[in-house]
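Only one chain is shown below, in structure tokens, and it's the form predicted alone.
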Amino acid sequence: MSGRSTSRVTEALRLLAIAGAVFIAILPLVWVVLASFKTAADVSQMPPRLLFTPTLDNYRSVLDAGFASFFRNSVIITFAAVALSVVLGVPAAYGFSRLRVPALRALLLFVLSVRFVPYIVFAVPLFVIMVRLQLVGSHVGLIFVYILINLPLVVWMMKSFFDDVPTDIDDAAAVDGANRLQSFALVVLPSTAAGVACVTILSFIFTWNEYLLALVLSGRHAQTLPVVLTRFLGGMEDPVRWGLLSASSVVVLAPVVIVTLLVHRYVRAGFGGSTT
């Protein structure tokens, strides 16, 4: 009986800890969503008011500020960069996994080192290169930069997925007359679909949310949503426009949440979970 009581207490404490962690994690998100529907007077109330009259004025103001064009910039740049990163990185990862590459470990560490270095280190040299190529303020320039950032992640993660696929599958395909490309496209790649979905969503999140390089390289005509958010932060004398900032943050956050919910079971499978 004592053991059962101890087990129940332990289970209750575990559930309480989980509930507390979830509450702390979602509290900022809930505050942002509620603030996006509040007037300037309501959002400045302390402590925050849970009962208020909702308004869509913040969202109207955000749309009137040309937010749609910046949203389009983010969509074009993100989808192009992610698609090209996956198209280039997945075959490269397969090559690292299946082919005998000299100094493989050193080469993989070199590829991954791009992710180790803070982005600010690349900002100035990339800016100089983009100025020489006349790509500052263009979609093409940012797409190229984000490909450089995403490729190491795609290659490193997909290599581990390909390593988990037995080489006997390649041998069986070769016996059936398939060449290396056919074996990759028709046999091995379908076996790592969860991994492809995983690296795709991670690359999407990193690209969609990236701020520093977009701030330096986007110029006036290719600004993405994270850069535009800073317009509502105010200045030395102007107050922060919390309502507009919250509404624009919800617009930025919504695509990431939607895409994650659509493919979350593949992401779980990519990290070793179940797709059921």
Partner chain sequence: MNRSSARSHGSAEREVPVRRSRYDWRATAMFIGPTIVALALVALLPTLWAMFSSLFDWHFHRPQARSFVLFDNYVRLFGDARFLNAMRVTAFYTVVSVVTTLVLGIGLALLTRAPFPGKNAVRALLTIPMIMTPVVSTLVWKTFFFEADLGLVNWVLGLAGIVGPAWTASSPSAIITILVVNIWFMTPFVYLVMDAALEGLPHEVIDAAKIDGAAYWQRVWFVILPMLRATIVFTVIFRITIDARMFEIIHVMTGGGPARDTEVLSLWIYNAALRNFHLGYGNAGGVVLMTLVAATCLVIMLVGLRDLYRRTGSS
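Every value quoted in this text rests on a predicted model; they were computed, and no experiment measured them. Numbering follows the first chain given and starts at 1.
Below, we refer to the form predicted together with the partner chain, which is not included among the displayed structures.
Trainee: Quick one: is residue 107 in contact with the partner chain in the model of the complex, heavy atoms, 4.5 Å cut-off?
Mentor: Residue 107 belongs to the contact set for the partner chain.
Trainee: Should residue 208 be counted as a contact of the partner chain in the model of the complex, where contact means heavy atoms within 4.5 Å?
Mentor: Yes, contact at 4.5 Å.
Trainee: Against the partner chain in the model of the complex, would residue 214 count as a contact residue? Criterion: heavy atoms within 4.5 Å.
Mentor: No, residue 214 stays farther than 4.5 Å from the partner chain in the model of the complex.
Trainee: Although the partner chain is absent from this view, report whether residue 191 comes within 4.5 Å of it in the model of the complex, heavy atoms only.
Mentor: No.
Trainee: Looking at the partner chain in the model of the complex, which residues in 9-33 have at least one heavy atom within 4.5 Å of it?
Mentor: Sequence-ordered list: 14, 15, 17, 18, 21, 22, 24, 25, 26, 27, 28, 29, 31, 32.
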